[in-house]
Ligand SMILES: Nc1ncnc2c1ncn2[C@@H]1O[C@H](COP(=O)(O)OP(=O)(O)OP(=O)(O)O)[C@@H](O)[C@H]1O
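Only one chain comes next, encoded as structure tokens, the form predicted on its own.
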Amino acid sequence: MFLREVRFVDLPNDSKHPFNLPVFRTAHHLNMNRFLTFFVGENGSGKSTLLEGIAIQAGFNPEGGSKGNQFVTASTESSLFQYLKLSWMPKVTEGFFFRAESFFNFASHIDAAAKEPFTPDPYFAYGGRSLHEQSHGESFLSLFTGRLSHRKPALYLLDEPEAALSPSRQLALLRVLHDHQKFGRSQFIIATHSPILLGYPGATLLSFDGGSIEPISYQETSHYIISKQFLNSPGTMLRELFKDE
């Protein structure tokens, strides 16, 4: 793998976000030497913030895209990236940073690039047409199956890719990951809530709950436990949820 380690350097003792999050008060370094690493945890636990910091340190646009997609819609990134040090062997320049919350901005950037004269077709890697002309789920999958289809050594950072994907299309994304693993020249770090994606065999899962970043098994995640309990007995869970105090 290319990205070997993420080290936290001189994190400030600050009461402001994100340095007030418990995981960043105890963080020192993370071993990333795996094909696929999942960041899991509750909303606000810091997983997306760390993924964003890694992306910026790796040279990707904070709003998403490859290193060639430089655009700014709103500067909302945290300053965590300034306190991260990435260790590579070797360093790669190819890859993509996907974030669901700013995907609309990225799609608009691609449309703007398509209007520029004498430039290669920017839609080639996204199903041959504007991402805005596809449904949300179609556009996500077009990116995953098209933009991620080349076989150069690359780092892919995906923040909540399941946001617009049906269960069947989440399975299609698992197949994309499997194809990359077979080829052996890609590395993925994914922040997700999806119990389907988290089930990828052999992946490393890092939990951001509990005040520190720790390895966790698939069956120990709340995503797996709650989903299984609900699917096994939805009536029981709903009665418990809806009962009067």
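Start at 1 with the first residue shown and count on from there. Here the structure is a predicted model, which means the values were calculated and not measured.
Here the subject shifts to the form predicted in complex with the named molecule, a form of this protein not shown in this document.
Quick check for you: of 25-33, 41-49, 179-187, 56-64, which stretch puts a non-hydrogen atom within 4.5 Å of the named molecule in the predicted complex? That would be stretch 41-49.
Contact between L21 and the named molecule in the predicted complex at 4.5 Å, heavy atoms? Contact check for L21: yes, within 4.5 Å of the named molecule in the predicted complex.
Contact check for H17, E160 and H193 against the named molecule in the predicted complex, heavy atom at 4.5 Å: Verified in the predicted complex; spot residues all in contact, yes.
Hey, which residues along 198-221 are within 4.5 angstroms of the named molecule in the predicted complex, non-hydrogen atoms only? The stretch does not touch the partner at all.
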